[in-house]
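Just one chain follows, in the form predicted alone, and it is written as structure tokens.
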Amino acid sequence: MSRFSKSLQIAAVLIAAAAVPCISDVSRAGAETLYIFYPSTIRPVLMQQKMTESCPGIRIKVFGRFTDFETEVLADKPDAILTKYPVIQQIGGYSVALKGSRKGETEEAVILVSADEKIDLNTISSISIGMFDILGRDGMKKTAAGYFSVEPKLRLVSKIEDMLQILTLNMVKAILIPENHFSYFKELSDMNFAVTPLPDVRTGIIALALKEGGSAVLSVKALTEMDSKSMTMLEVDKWEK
């Protein structure tokens, strides 16, 4: 075979190879997508790592900030999202398929945590309350208005650990947290915490929502078959339809 013929043969092989996407690209392009935004005590990077291990065949992205999550969900339209109920409702275009439950309940209580003394709810309009931002300022104002008879002054944070900081530095009078997170703050600080229950306030723990018109079968299967360690990371012990 002449050098010219051999060169043509090599060129043909290279062109043919270039025309076929590599297996990893095909699997990635065809992978189901699941975006997660869940305010927990687990850092987003670690949650993404653990969720990726628990959910084979699914491309997972975990977000620490609501604005980043909302922007990418609206732009990318992932097959499924795993987040809080109010977030699903505000973003739109997704329908709840699974609800996470803890001890048989799909909703959880929220509490006000302050230093030294409880909060007089009759004075709520005159004090500042710290809240983790899961909806943006407008959405959080509506949420707070639903929690209290009068709207308090809000200070929003985008990191769970910042909640303790703004309370410690007296930047707020109290912080509003899920009751389930109280032990986490107790372990971080030796402050004399006072707890003010909000008996009429409950909020959904976490839910998997599917893009309207889609099925996201892998995401549904992965969550319903999830091991107990991963379930604990998401602060639930069961998934309900």
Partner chain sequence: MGKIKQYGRTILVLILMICCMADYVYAKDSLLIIRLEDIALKQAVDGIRSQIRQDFLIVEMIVNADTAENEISRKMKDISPKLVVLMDNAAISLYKKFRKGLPDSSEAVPSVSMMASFMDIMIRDIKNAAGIFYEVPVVTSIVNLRSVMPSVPLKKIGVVHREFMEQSVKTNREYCKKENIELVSQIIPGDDVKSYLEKALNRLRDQNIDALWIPNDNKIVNASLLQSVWFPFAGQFGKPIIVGVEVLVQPKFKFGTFAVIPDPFELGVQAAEIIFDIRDNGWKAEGRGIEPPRSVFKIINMEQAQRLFRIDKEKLSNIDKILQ
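Numbering follows the first chain given and starts at 1. It should be emphasised that the depicted structure is a prediction, and the values quoted were computed from it without experimental measurement.
Only in words, not in the display: the form predicted in complex with its partner chain, which the text now covers.
Chemist: How about residue 211 - does it come within 4.5 Å of its partner chain in the predicted complex, if we only consider non-hydrogen atoms?
Modeler: Heavy-atom contact with its partner chain at 4.5 Å: absent for residue 211.
Chemist: May I ask you to check whether residue 150 falls inside a 4.5 Å heavy atom distance of its partner chain in the predicted complex?
Modeler: Flag for residue 150 set to no.
Chemist: Answer with yes or no whether residue 53 is in contact with its partner chain in the predicted complex, where contact means some heavy atom within 4.5 Å.
Modeler: Result no; residue 53 lies far from its partner chain in the predicted complex.
Chemist: Does residue 183 reach its partner chain in the predicted complex, with heavy atoms at most 4.5 Å apart?
Modeler: Residue 183: no, not in contact with its partner chain in the predicted complex.
Chemist: Quick one: 158, 188 and 191 and its partner chain in the predicted complex, is every residue within 4.5 Å by at least one heavy atom?
Modeler: Verified in the predicted complex; spot residues all in contact, yes.
Chemist: Can you pick out, from 91, 144, 109, 171, the residue that has a heavy atom within 4.5 Å of its partner chain in the predicted complex?
Modeler: Comparing distances to its partner chain in the predicted complex, the residue within 4.5 Å is 171.
Chemist: Select from the listed residues 134, 124, 164, 73 the one whose heavy atoms reach within 4.5 Å of its partner chain in the predicted complex.
Modeler: Of the listed residues, the single hit is 164.
Chemist: Heavy atoms within 4.5 Å of its partner chain in the predicted complex: which of the stretches 174-182, 203-211, 54-62, 38-46 has them?
Modeler: One stretch meets the cut-off, namely 38-46.
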